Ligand code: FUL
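Next up: just one chain, as structure tokens, the form predicted alone.
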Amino acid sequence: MAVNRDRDALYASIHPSERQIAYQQTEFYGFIHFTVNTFTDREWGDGTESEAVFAPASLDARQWARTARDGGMKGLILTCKHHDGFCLWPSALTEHSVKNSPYKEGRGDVVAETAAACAEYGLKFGVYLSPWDRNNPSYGTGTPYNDYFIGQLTELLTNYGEVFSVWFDGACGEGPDGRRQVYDWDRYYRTVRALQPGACICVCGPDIRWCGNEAGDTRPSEWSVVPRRLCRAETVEAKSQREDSAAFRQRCITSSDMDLGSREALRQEDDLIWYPAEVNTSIRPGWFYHAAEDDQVKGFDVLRRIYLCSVGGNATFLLNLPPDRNGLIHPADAASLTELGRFVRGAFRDNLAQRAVFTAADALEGFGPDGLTQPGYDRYFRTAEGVYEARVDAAWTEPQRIRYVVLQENIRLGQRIERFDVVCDDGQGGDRLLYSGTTVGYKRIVELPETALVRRLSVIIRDARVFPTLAFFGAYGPYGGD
């Protein structure tokens, strides 16, 4: 396909909001799925559960937050209310709530405890609120139910401090007598914007999109600029999750939805938005704790792969940690996550590029590569207008052992890079190809197939939609068993 530079300029003109940038910088964060389902051994409750079943003996939100922090996470999102309608806070709008449970003799507030624990351990706090409430009799009545939902949303967004994520899914089932509820999504969004303007509205929302599966599968080329119509895709009832299904949870990305933002995919699209992907999966087969799954926890190797492909593939990574019936993260889950945290901190601790000398013949004056080893967007490399290729070289006086290369674009100026290579010196004054990639976006983590011993490491941008930018260049040695 011939390159249309006018179309390329349109794609590159789409930029993220500050809240979206902050969300992508969060990178890796946790989901806490915990409700009556934990005690009934189900994935989806039907709303008839007695409040008396919610009786965690040792609930410790500080243990959740500590486990998340040790695992390298930067936030936690709590399922404040799942489809069963049971509220983990003492909502004034329903009796189906923790206030009528044995937990702390009805004086508990799991939302408050989680928010406080997140603040103590330096984590961001987010809320999940299911729009499908299988307990509330007004479900399916239209405006009366939407009023109820807005009331609960308001409670969560005004009583628990700053919220970084409001996470909606599109589950939409039948209410009493088969009634269908039409969710007033625009009203929900206005409420979030008014009460928590810094929060991203996720999945069934305009800020962060679902990656398309719950298996941790990722695209090799993830674009943040996509058609606006994708923003409504998950809010359409026919496309929403309709039943609890292990097959659905493990569904992978298929060829039909692999390409969302390439030149070809956008060729006839004029209404575009910045809509980055979130990769969400559970550390277990299910989203809620089931003792039968204690031996099916995702191991370090699986978590490591998902982390490198999600955080390192221009997406964020949301990993579910379901507390058990005692109200604690199971030791097997904690051990696997903690090992991932050690890897993330260890593998990317020492940026060897900070000791390199950078050169770039293609730099626009005033935008050279000297600041590339410092995070942020204040200093960045770019070429002149109309220059779509570039080369950045990092050279050392002594050979360096390199296993990981980390690149970031200045996404405040959009996503631009279409194709790039990572090369090193071949010992004879030429280049040896180490890796060929496509998109970069917020972050690309390149894991080299083997550790390279190099004096010079270069990134060659082969094609970009408009003049390319680089905001960060990292080079890291092998870690552990690499």
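This structure is a prediction, so every number in the text was calculated from the model and none was measured. Counting begins at 1, following the sequence as shown.
The protein also exists as the form predicted together with beta-L-fucopyranose; that form is not presented, and the subsequent description refers to it.
Visitor: Any idea which of 453-461, 56-64, 422-430, 28-36 reaches within 4.5 Å of beta-L-fucopyranose in the model of the complex, heavy atoms considered?
Guide: Answer to the contact question: 28-36.
Visitor: Indicate whether beta-L-fucopyranose has at least one heavy atom within 4.5 Å of a heavy atom of W396 in the model of the complex.
Guide: Result no; W396 lies far from beta-L-fucopyranose in the model of the complex.
Visitor: With the partner left out of view, is Y128 within 4.5 angstroms of beta-L-fucopyranose in the model of the complex by any non-hydrogen atom?
Guide: Y128 belongs to the contact set for beta-L-fucopyranose.
Visitor: Is H96 close to beta-L-fucopyranose in the model of the complex, meaning a heavy atom pair under 4.5 Å apart or at it?
Guide: No - in the model of the complex, heavy atoms of H96 and beta-L-fucopyranose never come within 4.5 Å of each other.
Visitor: Whether L272 contacts beta-L-fucopyranose in the model of the complex should be assessed with a 4.5 Å heavy atom distance threshold; does it?
Guide: The answer is no: L272 has no heavy atom within 4.5 Å of beta-L-fucopyranose.
Visitor: Heavy atom within 4.5 Å of beta-L-fucopyranose in the model of the complex: which of R134, R209, R382, H82 fits that? Just give me the one.
Guide: Exactly one listed residue reaches within 4.5 Å, namely H82.
Visitor: Which of these residues, D324, E113, E155, E214, gets a heavy atom within 4.5 Å of beta-L-fucopyranose in the model of the complex?
Guide: So the residue touching beta-L-fucopyranose in the model of the complex, by this definition, is E214.
Visitor: What are the residues of 157-171, in order along the chain, with a heavy atom within 4.5 Å of beta-L-fucopyranose in the model of the complex?
Guide: Heavy-atom contacts to beta-L-fucopyranose in the model of the complex: W167, D169, A171.
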